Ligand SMILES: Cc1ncc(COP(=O)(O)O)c(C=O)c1O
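So this first bit is one chain, no partners, the form predicted alone, shown in C-alpha cells.
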C-alpha cells in the first residue's frame, strides 16, 4: 500500500525513534564495516561538519547576493583546492554536489569550449581507459557525445599507446584517473598530458578519490606519479570534498586551468520575466550547509590534520597488504593510496565474488570488481582500528572458498 501524508503530524520523539530503528539495518560504518560510501575520519570531524551544516541548513547557494557568507566560503574552498592541485593564477573552479556533477560539468565545459575554439564535424568523442568512472558515460549520454573506452595496459593502468590510436578527428577530450576507482592506481597522467598537448585535446584528470588525499600522502614521503596542474596538458580536474576532504555530503570541486574553461561550464538565460538567470553548476538551488561544512572541515583539519589522517590510512593500508600476503591473495596492480583491489592467483580456483558476498553477509560492505574478479577496499582513517577484524573475517571466507564450501558468487556487481 502506498504511504500517504498523515492528517495531524507526529511528535518528533516518535519520528526520531523510528528513523534510528530503521538505521539498524544499515551498514555499521562507525564500526569500520563500510569500505565504500562513508569516509570516517573521527567523531570530532563529524561534529564540525554536522554543526557547520546545521548553521546554514536553510541558506541557498543560488543567491550569493543574499548570502555573501556562502559566496565567501565557497570562494575560499575553491582557492584552497586550487592551491592543493597547483592550479595557475589564471585558473578557476566551482563547488558541486559530488563527483558525478564535477565530471558532468567538466565534460559540458569541454564540449562548449571546443565548439567555440576547436569545432569538430560529427559527434564529439571522449577517449578514456576502461577503468574510468561511469560518470563520463552518463555525461556523454546527456550531452550527446560518444565514449570510446580503451583496454588497460599492464598494472591496470591507462594504455597511452592504445588511447593514441583511438583518437580520431572527432576527439575533444581524453581522460585519466588519479587514482581510478576500481583498482586504486594512478594512470600515467604525465604521458597523457603530453598526448593532450600534441593533439590539442582537453585532458580531464578524475581525482575524485585522490584530490584531497594525494597531496598529503606525498607529504609523507610517498613518491606518487605526477597528476595535477603542474603538468601543462591538464585542463580540468574533479576532486571530491566528501571523500577524503571529510566534508558532509554532497560536496565536490571541479577545477580548470583557465577562467575561460570554467566560463564554458556556466549557464546564462534572460528570456523570461525575472531577467538574467546565472547558475555556475548543474543545480540551481544549492545547499548552504554543504558549502559551510566543507569550509569548516578544511579549516578545522588544516595541512597537518589532513597529513595525520593520511598517515593513518597508509598504516592501515600496510596492515591490509601484509594480511593479504599471509592469505596468499594477490593485489591488482600497484596501488599507492587508499584503494586496494585483490583476488586469487590466476591459477587458483577461488571464487572471489563469492568471498565478497560472504563478507557482505557478515556486515562488511566491500566493493567487488570484475576483470579479474576480486574484492576492493577503500580505506578511511578510522579503519586502522578495525583492520584486524576485517582480515580475520576475510581469512575465514577465503578458507571456506578454498575448501569448496561457497556457492558461486554473483557476477552482477552492483553499486546501488
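Positions refer to the first chain, counted from 1. In this text the structure is predicted, and so the values were computed from the model without any measurement.
In what follows, reference is made to the form predicted in complex with this ligand, a form of this protein that is not presented.
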Work out which of 262, 133, 286, 317 lies within 4.5 Å of this ligand in the predicted bound form, going by heavy atoms.
133
Heavy atom within 4.5 Å of this ligand in the predicted bound form, from candidates 203, 78, 248, 209, belongs to 209
Only one of 235-243, 299-307, 118-126, 87-95 has residues with a heavy atom within 4.5 Å of this ligand in the predicted bound form, and that stretch is 235-243
Should residue 100 be classed as touching this ligand in the predicted bound form when contacts are defined as heavy atoms within 4.5 Å?
yes
Is there a non-hydrogen atom of residue 179 within 4.5 angstroms of a non-hydrogen atom of this ligand in the predicted bound form?
yes
